[in-house]
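Coming up is one lone chain in structure tokens, specifically the form predicted alone.
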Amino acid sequence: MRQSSVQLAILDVLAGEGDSHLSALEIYERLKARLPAIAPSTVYRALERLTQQGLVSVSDMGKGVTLYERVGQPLHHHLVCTGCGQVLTIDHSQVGPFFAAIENTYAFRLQTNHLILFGLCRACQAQSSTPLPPEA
């Protein structure tokens, strides 16, 4: 099995997932139906190459497993609730000015394209003693 065909199949699987992130095992399970001869190690190696090529991003969403997502437009970021696990998507327009300010202030070129912030959603805050911020 050609590596390029595996990489294309992985990109296809990730593109079909829209805004969600998949583990290597989830990607392998989706590919197994289309490519019965594929081995998990082949998927891991292909994901590593795709990540190095900048075609796939790697995320830690606090679930104890590395998650992968196809890099593309539009750029987006996430809020992850440590209480219930809910994941909210933030448009890059809300984060882009922050990235630019960091780069200008520190003469530092950022290489990240995916910001993940952890905290408590409104529902989990209501269940705890943490005060709720005012609604926007």
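Don't overthink the numbering: it's just position in the shown sequence, from 1. These numbers were taken from a predicted model, which means no experiment stands behind them.
Keep in mind that the form predicted together with another copy of the chain is not shown, yet the notes after this line are about it.
- Just one of 35, 55, 102, 61 comes within 4.5 Å of another copy of the chain in the predicted bound form, counting any heavy atom, and that one is 102.
- Contact with another copy of the chain in the predicted bound form, defined as a heavy atom within 4.5 Å, holds for exactly one of 71, 65, 110, 39, namely 110.
- Proximity of residue 95 to another copy of the chain in the predicted bound form falls within the 4.5 Å heavy atom cutoff.
- Another copy of the chain in the predicted bound form comes within 4.5 Å of no heavy atom belonging to residue 75.
- Among heavy atoms of residue 117, some come within 4.5 Å of another copy of the chain in the predicted bound form.
- When another copy of the chain is considered in the predicted bound form, residue 22 lies well away from it, no heavy atom lying within 4.5 Å.
- Looking at 81-97, the residues that come within 4.5 Å of another copy of the chain in the predicted bound form, counting any heavy atom, are 81, 82, 88, 90, 91, 94, 95.
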